[in-house]
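Shown below, as structure tokens, is a lone chain in the form predicted on its own; questions about how it binds or moves come after it.
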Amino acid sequence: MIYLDYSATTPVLPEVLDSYIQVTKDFIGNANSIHNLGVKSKELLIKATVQISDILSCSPKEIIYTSGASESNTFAIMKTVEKYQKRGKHIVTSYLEHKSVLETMDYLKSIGFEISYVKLLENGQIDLEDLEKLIREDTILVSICAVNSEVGFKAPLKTIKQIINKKKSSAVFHSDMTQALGKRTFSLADVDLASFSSHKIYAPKGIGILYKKKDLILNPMIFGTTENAPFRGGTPALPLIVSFSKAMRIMNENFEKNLKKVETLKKNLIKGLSEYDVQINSNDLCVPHIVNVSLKKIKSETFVRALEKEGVCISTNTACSSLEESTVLKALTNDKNISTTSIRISISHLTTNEEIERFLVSFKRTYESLLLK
């Protein structure tokens, strides 16, 4: 089996799994309890949180643990509008966003909020001039992802924040950074809220982070809070948190080396795909880990299922939006032939040159076979 769907989820690294198992066995106390076992767990929780905050260059008090990025996205948006809707009901976002953001925006629109979608340039970048025009006195939230999950476009977070400040806007800036972690550099100083998920960086599923700038006031997302979790109540998922911390340390230590390897793999992949009558949608402004291709003459689902029979796993767009028309490519091209025939090949430093070569052989066989039908 050739796995090329790393942007959907990643395998858990053995050393990360070892951390999960060890903490599960040796730290049975609730970190909220005051007895010795609870204190032992709390100390480990604090240590793991400090390690994560050091890597993200933020305060440990700005880290809120969630079940994953979809929860982080939803609550970042909902709690912001809940707190600041007296200032206005206007929100700015983009069609580059994950389904968890887009569907939250749809809900907010249904209850009276005005949602503006910033235009995209032909190269997939945010139209910064349009963004500046869209931000108004009653804009309370701007939500734009750091890396698009379908095509891989990177957003200029620092410039976006500068535009918000230039307009003297009090709008909160949220960024879904799920696909950015381990793929690009960024600074949390450029945002007010940011979402992350552990299973994108070789840690277990079920744990995420919402970064909240310390001077941003929001109400709790789950009541019954404690000193350990002042924003989201409940027993800390210590084994998952420690595993997340372990994976982040590994990611951070190997960032440059892994990035260079993926860049080389992408060049080989693009070279092979360029031999066919397809449109490669991912450009040099994208992270190298994601290669989006429109087949033009073959539907996405048909190709993905046929390729699976070859022992190759890729996806149509995002895992949460699979089998649907690509929102991103629809907004970019307004060409249904492009947006309904796109596939996403997502690679990793764990991907080998041999896997890319075997994938290209399977791609050729599948592509030529389906064209004849």
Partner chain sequence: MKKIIMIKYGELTTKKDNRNFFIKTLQKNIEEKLLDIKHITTYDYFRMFIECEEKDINKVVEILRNIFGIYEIVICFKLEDKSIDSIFNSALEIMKEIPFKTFKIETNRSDKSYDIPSMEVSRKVGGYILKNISNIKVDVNDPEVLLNIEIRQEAVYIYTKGEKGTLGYPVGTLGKALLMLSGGIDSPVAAYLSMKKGIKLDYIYFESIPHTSIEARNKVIKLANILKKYGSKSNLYVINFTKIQETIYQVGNEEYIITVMRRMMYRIAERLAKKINCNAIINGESVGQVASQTLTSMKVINDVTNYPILRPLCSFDKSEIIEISKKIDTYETSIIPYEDCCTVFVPKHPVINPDIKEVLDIENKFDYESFIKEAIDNALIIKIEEEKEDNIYL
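Here the structure is a predicted model, which is why all the values come from computation and not from measurement. Positions refer to the first chain, counted from 1.
Keep in mind that the form predicted together with the partner chain is missing from the display, and what follows is about it.
- The partner chain is not shown here, but in the model of the complex it comes within 4.5 Å of a heavy atom of residue 246.
- Not displayed here, the partner chain is kept clear of residue 345 by more than 4.5 Å at the level of heavy atoms in the model of the complex.
- Residue contact check for residue 304: none of its heavy atoms lie within 4.5 Å of the partner chain in the model of the complex.
- The partner chain in the model of the complex comes within 4.5 Å of a heavy atom belonging to residue 39.
- The partner is absent here, but in the model of the complex a heavy atom of 51, alone among 340, 67, 51, 333, sits within 4.5 Å of the partner chain.
- Proximity to the partner chain in the model of the complex, taken as a non-hydrogen atom within 4.5 angstroms, holds for one residue of 314, 63, 329, 44, which is 44.
- Heavy atoms of no residue among 72, 194 and 209 are located within 4.5 Å of the partner chain in the model of the complex.
- Segments offered: 20-28, 358-366, 6-14, 345-353. Contacting the partner chain in the model of the complex at heavy atom distances within 4.5 Å is 20-28.
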